[in-house]
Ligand code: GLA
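This document starts with one chain, in the form predicted alone, laid out as structure tokens.
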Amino acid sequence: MTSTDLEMTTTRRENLPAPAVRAVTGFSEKFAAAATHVAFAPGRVNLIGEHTDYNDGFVLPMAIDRWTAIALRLRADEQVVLHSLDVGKRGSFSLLELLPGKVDGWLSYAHGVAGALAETGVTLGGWEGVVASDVPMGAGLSSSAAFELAVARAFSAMGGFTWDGARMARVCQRAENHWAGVNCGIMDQLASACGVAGHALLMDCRSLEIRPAPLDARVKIVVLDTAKKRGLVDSAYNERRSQCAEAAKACGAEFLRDVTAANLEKHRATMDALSYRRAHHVISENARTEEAFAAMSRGDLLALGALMNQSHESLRHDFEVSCNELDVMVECARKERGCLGARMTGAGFGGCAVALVETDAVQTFTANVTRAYQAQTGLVPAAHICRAVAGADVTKLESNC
């Protein structure tokens, strides 16, 4: 279901993602009543195309089978009341008082989605809900975007406005940028809104054009959580954005998307070494991302793995957003049988790596990599073998579920 909530399906509990089931159960406990709907949105992992989205470039993420879900029902007033099972907190806000900065903490993301939706002129209705998630927080798998899109889906069910995935991704990006105060690009929200089952998505972050790329059954995508919480991400992220803007300006462009490799070399003498390296990463990463899409489309898994490896080295040396734990995890992964490629994923300085692994080797791979990583770092990692899933959805619950 991708268009309007007139097409909303009626769903039994056993057909829902695990967090949705937990949210439905939690709703009954917290509100002593049955939820009428459940909205859910996936996290994402980016296979390649890092720090390119805010440069108007290309990314290649996939929505993964880790979800944020909200069980909910309509209220008769203009209040939104939310209880988070994972945070262990309850909060509320009024749809009549939507002002940036009025709500903080985890609830600011829901408040921001409401505010950004209101700015588009849609009618919003009050509702109450319970949130549950199995998207790891702070791991670079877009837990905030999954929450935002689930909230947007909840509002669509309660307000009845037409759902358009790309448009809602823009709304949720605005919610995070201007309401929650996080200066993110569009990739996370777009992947969560518009995921296609069994496919990664080549996204043009300028036009929002999406081209699905099939995931070959011969491989699995494994997300490797380093258990290193991401440090310095906000300040470093904003610093990298500023450096990219300066590099683009030095090359006579607004965005590095519009700078070719030849043009960068032409202006190299007028740039400092740092700006050159930042630009070199973004320009080469855009090229790698389009090449990766082509490799997936023709089933060339060796080429895809090699491009992932090259991406990590560029992020490590040119963009300088890796860290020891990510480098160790990537090295451990690459040494294992069946690994065709591995790289850090997300903003960097901790979080997750992603590996392309032959299907028949994936169980041994995850056991060996996590053991080797723990031996070298003392940290206890997690490995997630992920499926590519469809984007944000909402369903009406059967009355007896």
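One rule holds for the numbers: they count along the sequence shown, beginning at 1. What you are looking at is a predicted structure, and each value in this text was computed from that prediction instead of being measured.
Same protein, other form: the form predicted in complex with this ligand, not shown, and the subject of what follows.
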Open item on the list: Please identify the residue among F161, W106, Y237, Y276 with any heavy atom within 4.5 Å of this ligand in the predicted bound form.
Closed with: Y237
TODO: Counting non-hydrogen atoms within 4.5 angstroms of this ligand in the predicted bound form, say which of V362, L340, A372, A347 makes the cut.
DONE: A347
Task: Interface segment, criterion being heavy atoms within 4.5 Å of this ligand in the predicted bound form, picked from 46 to 54, 66 to 74, 332 to 340, 32 to 40 - done: 46 to 54
Task: G91, heavy atom within 4.5 angstroms of this ligand in the predicted bound form - done: no
Open item on the list: Within 4.5 Å, heavy atoms only: does L201 come near this ligand in the predicted bound form?
Closed with: no
Open item on the list: Can you tell me if M187 lies within 4.5 angstroms of this ligand in the predicted bound form, counting non-hydrogen atoms only?
Closed with: yes
